[in-house]
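First, one chain by itself in structure tokens, the form predicted alone.
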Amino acid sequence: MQSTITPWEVKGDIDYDKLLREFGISPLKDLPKVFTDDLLFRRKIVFAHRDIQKILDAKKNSKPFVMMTGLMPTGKFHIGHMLIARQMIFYQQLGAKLYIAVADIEAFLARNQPLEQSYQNAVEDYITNYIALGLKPDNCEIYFQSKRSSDAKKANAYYRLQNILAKHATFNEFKAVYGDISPAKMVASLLQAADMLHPQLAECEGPIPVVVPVGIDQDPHIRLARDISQRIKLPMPPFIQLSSTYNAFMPGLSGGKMSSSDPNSFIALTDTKADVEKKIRKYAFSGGQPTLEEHRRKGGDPDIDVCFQYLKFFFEPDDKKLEKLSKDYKSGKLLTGELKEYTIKKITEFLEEHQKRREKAGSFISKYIR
């Protein structure tokens, strides 16, 4: 099946090695222990980068740096969204200042979602889950693209930067980076570039290394921001080139990328035990064989089994246990039904604790939105 990988659509088979070559991205290698202690880096779920050395040097030398990311406030917050949320928390624990943009303008321009709906989704679902997952208010600034800040100097600088970026971009450049493009997508892309770059303005942190963790489908935004930023003569000194890291996609229940528009493709963080049981048993794509006898003889394929992938991404932190599950599944000792039941147990345990924290998280939201 022919694949489509854009910031607005992902479909078909995903060849990560091919994308690394096409986009000019480097595999992550030789990371310091503080990174490899983290499950996402250790298991190569976060697997590639641009200019990560700037961030590694900042951490090594106890220098300040920023992690900047965004959220698209459409659909339900699901376990796939935890990929970026866990990286937020990881970088915050490393000492980074966090800038988190709610892309309500992009949701309006590219997906026709009203700003009021985006605000409600962001506050009641996304930000509440971030807090429950462990995001702290210190050194964390969450803002909406439609209303950058009550601080006029900061807000003016942010929107001014978007217009300066527009002066240094060309339509042919947009076509080369994105392929199909529209005025609305151009505006949204320039605003995303301002999101990534504005932490370096004098009204914010000043020149500072910035890392942007994304799925590889968002790389066109990174490339555009990196290219344009180097042509701008303001601020002085010039922008430090953006760093970025890339994570694999967490598969949807039936395979392919998890989609917020299809409730049967994901586990939401508000799902009940009954929801989890139904979705895993009914929809989770199996790497097992068609019959019990054949599975015992040939074994299963954990690399395509959705339950195993969920355990790998989040829900089985013990590497030795995960390796045993993989070995037993490949040998046919572990059956698909048994793997599904184990996955249901692990996800349900996580959600029960998370939902307790989520109930308390809403009262703290005002401390995060700046």
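In this text, residue numbers run from 1 along the sequence as written. These numbers were taken from a predicted model, which means no experiment stands behind them.
Below, we refer to the form predicted in complex with a small molecule, which is not included among the displayed structures.
- Although the partner is absent here, V214 lies within 4.5 Å of the small molecule in the predicted bound form, judged by heavy atoms.
- The closest non-hydrogen atom of P302 lies beyond 4.5 Å of the small molecule in the predicted bound form.
- Shown alone here, I267 lies farther than 4.5 Å from the small molecule in the predicted bound form, counting heavy atoms only.
- Heavy atoms of I280 never reach within 4.5 Å of the small molecule in the predicted bound form, leaving it off the interface.
- For the options Q309, S326, T336, T69, the one in contact with the small molecule in the predicted bound form, meaning a heavy atom within 4.5 Å, is T69.
- Taking A103, A225, I127, A284 one by one, only a single residue has any non-hydrogen atom within 4.5 Å of the small molecule in the predicted bound form, and it is A103.
- Contact annotation: the small molecule lies within 4.5 Å of heavy atoms from the stretch 69 to 77 in the predicted bound form, the single such stretch among 131 to 139, 69 to 77, 248 to 256, 292 to 300.
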